[in-house]
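Alright, here's a single protein chain in two forms, structure 1 and structure 2, each given by itself as C-alpha cells.
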Structure 1
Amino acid sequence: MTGLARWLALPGIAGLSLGILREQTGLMLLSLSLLVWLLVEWLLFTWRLWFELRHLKFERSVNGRTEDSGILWAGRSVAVEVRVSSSFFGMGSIVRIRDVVPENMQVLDQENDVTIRSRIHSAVFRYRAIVLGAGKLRLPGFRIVMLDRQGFFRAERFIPFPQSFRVLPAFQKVGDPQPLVKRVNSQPQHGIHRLQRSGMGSELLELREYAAGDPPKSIAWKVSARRDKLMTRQYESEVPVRLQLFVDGSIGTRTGGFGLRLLDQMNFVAASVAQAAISAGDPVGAMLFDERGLRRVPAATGDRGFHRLLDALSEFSVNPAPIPDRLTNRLIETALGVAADQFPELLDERVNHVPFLLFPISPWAHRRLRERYRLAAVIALLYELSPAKQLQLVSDDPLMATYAQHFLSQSGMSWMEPVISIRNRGFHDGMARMEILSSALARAVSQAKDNEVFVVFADLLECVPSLSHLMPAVKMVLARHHRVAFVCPSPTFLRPTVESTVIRSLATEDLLLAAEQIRTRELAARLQFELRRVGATVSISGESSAIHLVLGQMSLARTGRMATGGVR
C-alpha cells in the first residue's frame, strides 16, 4: 500500500466514524464507498500480481548472444537487448522492468529500464553499456515494480535471470609486428631475432684474427689472403626474446571503482605489450602475485597463448574475498540496500519473521536490530548457513562484517568503502610485496633462457621506503643480462610531471589533485633514482607511454644493443 492509499484511507475511516457518530448519511456513504473502492482495488491488484507476473517471460541477448555465459572485453561497449513477453492477457497494471546492472558496467546512451502495461503482449528495450574493468561480470536479473493504475498499491519483485561473462582486459595495438632494422641476407624464423653477439646465426657480425680452436670452416680465406694472416668470421647469434610479465594484484591495486583500479591500468599495459610481443613472434609468460601467493602463466606464443594470458589476467582481476573488517552501520545499510534491490521478496515481513524482542527499548536501536535480523536471514539463506550460525550473525559483529563484505563483493560491488575500508597498510604491506616480488624474480631468473625482458607492474610508489628489499633481486636479474622495466601506475592516471603539479584552480578537487600529484612526484623521483642506479627503466604511468617504454626495451633486447637505463 502506498502513501497515497494510506492518506485516502485515513480520511475515509475518519469520515465513516464521524458519519456514524453524527448520523450523517452522505458522509457515511461517501467514506464507505471510498473504503470499498480501496478494498476492490487491493483485491484486483493482488489478483494481477499473482497471475500477470508469473506469465512474464524474459529473453536477454548480450551482443546478440543469449547464452548463459560468454566473453566480453573491458573498455568496449556492449549492446543489450531485452525482450519481455506475456502469455497472459493482463488487466492493465503498470509494470516497471529494470535490468539490474552491476557496478562493472556503465549504461551509456539509453536507460536500462522500461515501463509497460501488462496488457501489452510483447515489448523490447535496448541499451548500450560499457564494461569498465577486467574480471567477471554477472547480470543477475530483472527488478520488477508493479503498480496499479491509481497508484494505491505497489509490489516489488526480482526475477533472477543470471548471465555470467568473463571480462578480458582491454589492450591497444601498437608497434610494427615484425620490426626490421635493415635489409638482411636471410629472414630469420618468426620469433627469432638477430642478437648482435657472436653466435651461430647466418648474418656476419665481425671478422677477427684466428684463434686456436676456431672451426676451420669459419676462416675467411679471401680476407686472410689479403691481410696475410688467418682471419675468422664471427656470425651473429639468433635467439628468441622472451617477455616475462610480473603483475601485482595486492589490495592496494584492487581498491577503487572498476576501471579506475591500478590493476586495470596494469592489465591494459600488460595486455598491450603482450599483444605487440606475440605479434612479433616472441613468447610471453606472466607471474601474477598478490597476498594469496604467486601464480605462473607459462610463456607461450600465438593467438592461443595470447588468449591464455588474457584469461589468466581476467581471472586474476576478480577480487577475492575481502579482508575481514569491522562492522559499521554503513556496511549493514549498504548490504540491506543491495538485498532490497536484488532480493526484495526475501525481505518481506511475512516470510522473514523477526522473533519477539523486548530489548533494546530505544526505537532506533530496536529498528536497527530488526534490520540486522532480516539481513542475517537473507545472508544465511544465500550461503546456506545453519540456524545457529544465522543467529550468530546477529550477535557476532566480525562474522556479520565478513559475510556482509562477501555478499557485497559477490553482488558486483567494487572494493571501496564500505566493502573494505582504506587503512594505513603502508609499511608492512610494502615489505610483504617486496618479498614476494623478489621471490618471483628469483624464480623467473632460475627458469629463464638467454635473452629475456622482465616487466614488473607493481604499485611501488607506496613501497619506496622498503625498496631496498627488492634491490638484490633486480641486481641479480641485470647481472644475468636480462632487461628489467618497471611500470608503476599512478592512482590519478597522470604522469607526475612538473605541469601536472600546477594548481589549475582553487576548487577543492583541483587542490586535492595537485597535492596528490606533488606527493606522487616526490615518491616517483625517489623510486626512479633508486632503480636508475642499478640500470633498470621505470615508467610512472599506466598509459601508452609505458607501453612504448617496454616495447623499446624489447627492441633493444632483440638487437642485443646495450643501452643505459633510461627514465621515462
Structure 2
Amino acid sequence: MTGLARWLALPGIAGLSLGILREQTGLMLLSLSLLVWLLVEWLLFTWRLWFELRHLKFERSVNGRTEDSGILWAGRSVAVEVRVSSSFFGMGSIVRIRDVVPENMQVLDQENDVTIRSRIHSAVFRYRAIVLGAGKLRLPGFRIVMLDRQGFFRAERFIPFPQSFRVLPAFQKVGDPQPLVKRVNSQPQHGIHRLQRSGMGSELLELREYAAGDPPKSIAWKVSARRDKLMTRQYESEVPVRLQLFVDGSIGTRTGGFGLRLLDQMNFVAASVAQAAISAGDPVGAMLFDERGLRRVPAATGDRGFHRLLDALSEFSVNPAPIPDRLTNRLIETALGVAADQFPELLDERVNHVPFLLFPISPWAHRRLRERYRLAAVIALLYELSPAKQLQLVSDDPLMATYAQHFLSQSGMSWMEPVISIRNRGFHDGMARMEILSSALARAVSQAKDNEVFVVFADLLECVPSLSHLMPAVKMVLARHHRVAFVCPSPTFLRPTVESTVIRSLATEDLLLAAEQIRTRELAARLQFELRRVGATVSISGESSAIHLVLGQMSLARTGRMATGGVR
C-alpha cells in the first residue's frame, strides 16, 4: 500500500467511525464506499500480482544469441534485446521491468528497462552495454515493479533468468609486426615448406655489413680484412623464439573497479603480446600465480593456442573467495542494497519480520540491529543455514562479515570497499609476491629451452623495499641466457613521465592525479635502477609502450644481439 492509499483509507475509517457514532447514514455510506473501493482494488491487485506475474515469459538475446552461456570480450560493446510476453489476457497494471546489470557491465546510451502502461501481450526493449573487465559475467534476472492504475498499491519482485558468460581479455593488434618479428618461423605450419632465413644456427646463410649490437663471434674477420670493413655472418635459424608470460594475480592487482584493476591492465598487454607473437608463429606459454598457488599454461601456437591462453587468463581473472575482513556498517548497508535489488520479496516486512526489541534504546543502534536481523534472515535462506546459525549471524561479527563478503562477491561486486579492505596490505603482500614469483621463475627455468623470453607482469611498484628477495631468481634466469622483461602496471594507466606529473589545475582530482604520478615516478626510478643494473628491462605500463618493449626484446633474441646499439 502506497502513501496515497493510506491517506484515503485514514479519512474513510474516520468518516465511518464518525458516521456510526453520530448516526449519519450519508457519511457512513460514503466512507464505507471508499473503503470497499480500496478493498476491491487491493483484491484485484493481489490477484494480478499472483496470477499475471506467473504467466510472464522472458527471452534475452545477447549479441543475437539466447543460450544460457557464451563468450564475451572485455572492452567491446554488447547488444542486448529483451522480449517480454504474457500468455494471459494482458497486463492491466503498470509494470516496470528492468534487466539487472552486474557491476562488470556498463550501460551506454539506452536504458535497460521498459514500462508497460496498457493491456498488451508483449513488449521489447533493447540496450547496448560495454563489458569492463575479463573474468565472468552473470546476468541474474529481471526486477519488476508493479503498480495499479490509481497508484494505491505497489509490489516489487525479482524473476531469476540467469545467463553466464566467460569474458575474454581485450587485446590490441600492433599492426605490421615486420620490423619486430621474423617473417617466417623455423617451425612452419603444416603444408608450408622450410625456408632459409637468418638466425643463430650452424648453417651459413649470407654475409652482410656489421650493425651495431651484433655479437662479436658472428664477425667474419677474413672477409672484413679483404673488404676493409666489418662483415657479419648470417646463419639459418634453428629454433623459434619462445615467449613465457608470468601474470601476477595477487590481492593488490584485483582491487578496484572492473576495467580499472591492475590485473585488467596486465591482461591487455599480455594478450596483445601473445597475439603478436603467435601471429608470427612463435609459441607462447604462461605462468599464472597468486596466493592460491601457481598454474602453468603450456606453450602453444596457432589460433587454438591463442584462445586457450585467453581462456586461462579469463578464468584466472575471476576473483576467488574474499579474504576474511571485519564487519562494518557500510558492508551491511551494501549487502542490504544488493538484496533489495535482487531479492526484494525476502525483505518484505510480512516475510522478514524482526521481533520486538527493547534494547538498544539508541535509535541508530536500534536501526542497525534491525538491519542486521533482516540481512541474517536473507543470508540464512540463500545459503540454507539452520536457525541456530541464523541467530549466530546476528551476534558473531566475523561470521556475518564472511557471509556478507561471499554474498557481494557472488553478486558480481568488485573487490573494493566495503567487500575487502585495500589499505595496510602493502608490505606483507609484497613479501608473499616476491616468494611466489621467485618460485615461478625457478620452475620456468627448469622447464625452459634455449632462446626464451620471460615477460613478468607483476605489481612491483609497491614491492621495491622487498625487491632483494627477487634478484637471485632474476640473475639465475639471465645466467641461463634467457631474456627478462618486467611490465609493471601503473595505478593511473599512464606512464610516470615528467609531463604526467605537471599539475594541470587546482581541482582536487588533478591534484590527486599529479601526486599519484609523482609517487609512481619515484618508485619506478628505484625499480628500474635495481633491475636494469643486472640486465633486465623494465616498462611502467603505458600499454602501447609496454607491448613494443616486449616485441623489441623478442626481436633482439631472434637476431642474437645483446641490445639495440650494442648496449645491454
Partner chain sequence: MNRPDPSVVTPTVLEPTHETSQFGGLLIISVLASAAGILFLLAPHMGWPLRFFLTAIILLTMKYWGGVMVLIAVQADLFFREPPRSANFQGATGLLAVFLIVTLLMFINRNRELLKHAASRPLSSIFGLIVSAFKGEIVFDSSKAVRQVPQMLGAIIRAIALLVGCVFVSQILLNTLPNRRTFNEDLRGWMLDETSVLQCSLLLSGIIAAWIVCHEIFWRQLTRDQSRLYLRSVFLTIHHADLRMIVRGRLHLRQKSALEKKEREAAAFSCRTENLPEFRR
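Everything numeric here is computed off the predicted structure, so don't read it as measured data. Sequence positions of structure 1, starting at 1, serve as the residue numbers. For clarity, a rigid core is taken as the largest C-alpha set superposing within 1.5 Å between two forms.
### Message
Which number belongs to the form predicted together with its partner chain, 1 or 2?
### Response
Structure 1, which is the form predicted together with its partner chain, differs in this respect from structure 2.
### Message
Given a superposition on the rigid core, I'd like a yes or no on whether residue 126 shifts its C-alpha by 2 Å or more between structure 1 and structure 2.
### Response
Result for residue 126: no, shift under 2 Å.
### Query
2 Å or more on the CA of residue 551 between structure 1 and structure 2, with the rigid core superposed, yes or no?
The answer is no, as the C-alpha of residue 551 shifts between structure 1 and structure 2 by less than 2 Å after core alignment.
### Query
After the core is matched up, is the C-alpha of residue 350 off by 2 Å or more between structure 1 and structure 2?
Result for residue 350: yes, a 2 Å-plus shift.
### Task
Let me know the CA shift of residue 364 between structure 1 and structure 2 in Å, rounded to one decimal, core fitted.
Taking the core as reference, the C-alpha of residue 364 is shifted 3.8 Å.
### Core-aligned Cα shift of residue 219 between structure 1 and structure 2, given in Å
So the C-alpha of this residue moves 17.8 Å.
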